[in-house]
Ligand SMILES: C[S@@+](CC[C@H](N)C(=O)[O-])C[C@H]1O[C@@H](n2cnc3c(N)ncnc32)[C@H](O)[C@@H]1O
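This document opens with one chain alone, in structure tokens, the form predicted on its own.
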């Protein structure tokens, strides 16, 4: 399946503008592999022809499907464990003790994919706090409309619940739909809202601000896909939506630096977490 040079330039520029994904010609195999299902679905005869459809209208349904297919949605329940241990053993109880009146702890899963991270946060809260449903609210966002639809449905295949989820958590927080799938229980679902959001969009802060400022943000294994300028832009967007003194979890080795915002590293159980100093 061939692709002309001008179309390579267009599609890589389009993906960088839309989702911050920095690709070059060495990743052409990835573009081909991920977009083949879109080509087949629409009966398009080549990758060139598919890209031409996107060029005609960057807001068409095919363009949206291209963005969805190129978005990485690798995730699992309780991924890396440490952030959830930090919530359970330190942050949740500390923040509750500092709350005035009935103010809720607000947590943002900023690259929620199909929902496993956000639901893992909710499970942790329910295991840690009395009346957690009234003390913690969670927002999960992702650029992929397909991923967000799956997160809202809260149905996971047998293979997905086996990845990171303890048997006891499965019994406590899920109900079996059939021999192949499990449904998140209502008490868990009620704690989490999901919506589409693009971390590099200029309108991100406006679209999310109505949830009020967050105390804790998870933005893990995302920054590595952006170039330095976009990374700093994302960090500043997160800062605008976070309380001063709020916490940010990133992926291992992901550095936090904004153009305007200032963050410090704090250690919780001898592991680094970022804390917002100024924005």
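Note that this is a predicted model, so its numbers are computed, not measured. Positions refer to the first chain, counted from 1.
Note that the form predicted together with this ligand isn't included here; everything after this is about it.
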Residue 129 near this ligand in the model of the complex, any heavy atom under 4.5 Å?
no
Contact of residue 79 with this ligand in the model of the complex (heavy atom, 4.5 Å)
yes
Within 4.5 Å, heavy atoms only: does residue 75 come near this ligand in the model of the complex?
yes
Touches this ligand in the model of the complex: residue 11 (any heavy atom, 4.5 Å):
no
Taking the partner as it appears in the model of the complex, which of 28-36, 222-230, 206-214, 57-65 has residues with heavy atoms within 4.5 Å of this ligand?
222-230
Contacting member of 105, 165, 197, 139, with respect to this ligand in the model of the complex [4.5 Å, heavy atom]:
197
For a quick check, can you give me the residues of 137-158 that have a heavy atom within 4.5 Å of this ligand in the model of the complex?
142, 143, 144
